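Heads up, the chain below is alone and in the form predicted alone; it's given as structure tokens.
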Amino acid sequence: MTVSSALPKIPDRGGPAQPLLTVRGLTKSFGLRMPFGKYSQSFKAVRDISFEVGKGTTLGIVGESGCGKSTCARLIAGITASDSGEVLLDGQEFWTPGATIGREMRRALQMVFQDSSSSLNPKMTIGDTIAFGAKVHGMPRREAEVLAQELLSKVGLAPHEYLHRLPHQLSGGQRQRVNIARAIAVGPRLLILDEPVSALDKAVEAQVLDLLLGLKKEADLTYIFISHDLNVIRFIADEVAVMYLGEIVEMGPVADVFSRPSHPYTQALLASRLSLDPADRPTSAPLRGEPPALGEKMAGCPFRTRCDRSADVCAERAPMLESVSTMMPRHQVSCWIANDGAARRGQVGGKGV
């Protein structure tokens, strides 16, 4: 039994040219709780996010803690209800606000969470944990148990040693392998991985990343990989989306974004990476200031108060995500200064230009 034959294969409806995932206008606000349990105002955790993920590719999402990466993932998976927007899976509606996700569609998209411990039932054995989803989706009990053993072997855990253990008897890296096995047991087409290696040491991190690359090829998977580690994203992703305050400020092929970062925030993130050379140390902070307080209303570009190149237009109008140039249509940036089209239209003026 192979991973792909765990359950009836979910058909490819649109062919290789159709994106597996299409996200349009995703928005989510949360209330700010004040003393005595009252909400005084709200803030937007995710602001009108739209993107596509091609079949068999990996989209990396990066950004500082609190930028909305995990919230975005939960909105896409339908775990948290969005305020507006829609998600299409292989051209079909996955969900819209208030809609119920069908069983096959739910099986097609699975999520691996950051905290490998709290995402596992402490009272269920590892074998029961992996087999549970397959049984819920109609696989006979005996077949599901055999599948659990096979998947344990695929993620590098000996079934005879780990099948009957409980989660607390495993290390962090072993628990994350179990989470991956549980996710692929139902035969999904898309995995959303929310900081899956951030809590692991570097040796175990490398093993899990290699495991994910192997499973992606074998099971014909598509990934959304969320991380704050730019080096991990560069290793595993095909395209990258950079988030700041709930918005995508730059997006494109990993090679283009890493070699020619256009948004000042992306440039600051890349400049903050540690070098293996002890003599190569930063002499100044790559980014000044602090993000605005939650609930603070800002006009224009949300990054302008921390940007050394901000112009008058940055305070007046929010930029849109547009191609950096006609020569690089897939490399998009949300910045008045960096975008060639905005500059040519004469929309940029004032200080810093």
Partner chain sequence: MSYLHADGGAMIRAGGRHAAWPRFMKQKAAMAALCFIAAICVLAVGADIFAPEDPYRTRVAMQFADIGTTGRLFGGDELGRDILSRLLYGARISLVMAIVPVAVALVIGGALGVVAGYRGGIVNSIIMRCMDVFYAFPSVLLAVAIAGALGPGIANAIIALILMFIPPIARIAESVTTEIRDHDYVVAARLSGAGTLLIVGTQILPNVAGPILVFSASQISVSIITASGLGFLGLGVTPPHAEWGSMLAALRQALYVNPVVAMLPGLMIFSVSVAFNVAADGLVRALGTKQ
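Computed from a predicted structure; not experimentally measured. Residue numbers count along the first chain shown, from 1.
Omitted here: the form predicted together with its partner chain. The next part is about that form.
Taking the partner from elsewhere, residue 236 is found to have every heavy atom lying beyond 4.5 Å of its partner chain in the model of the complex. Taking the partner from the other structure, its partner chain in the model of the complex has a heavy atom within 4.5 Å of a heavy atom of residue 165. Residue 177 belongs to the set of residues with a heavy atom inside 4.5 Å of its partner chain in the model of the complex. With a 4.5 Å cutoff on heavy atoms, residue 261 does not count as touching its partner chain in the model of the complex; it lies far away.
The stretch in contact with its partner chain in the model of the complex, judged by heavy atoms within 4.5 Å, is 135-143, chosen from 135-143, 81-89, 264-272, 245-253. Here the marked residues 171, 204 and 210 all reach its partner chain in the model of the complex, each with a heavy atom within 4.5 angstroms.
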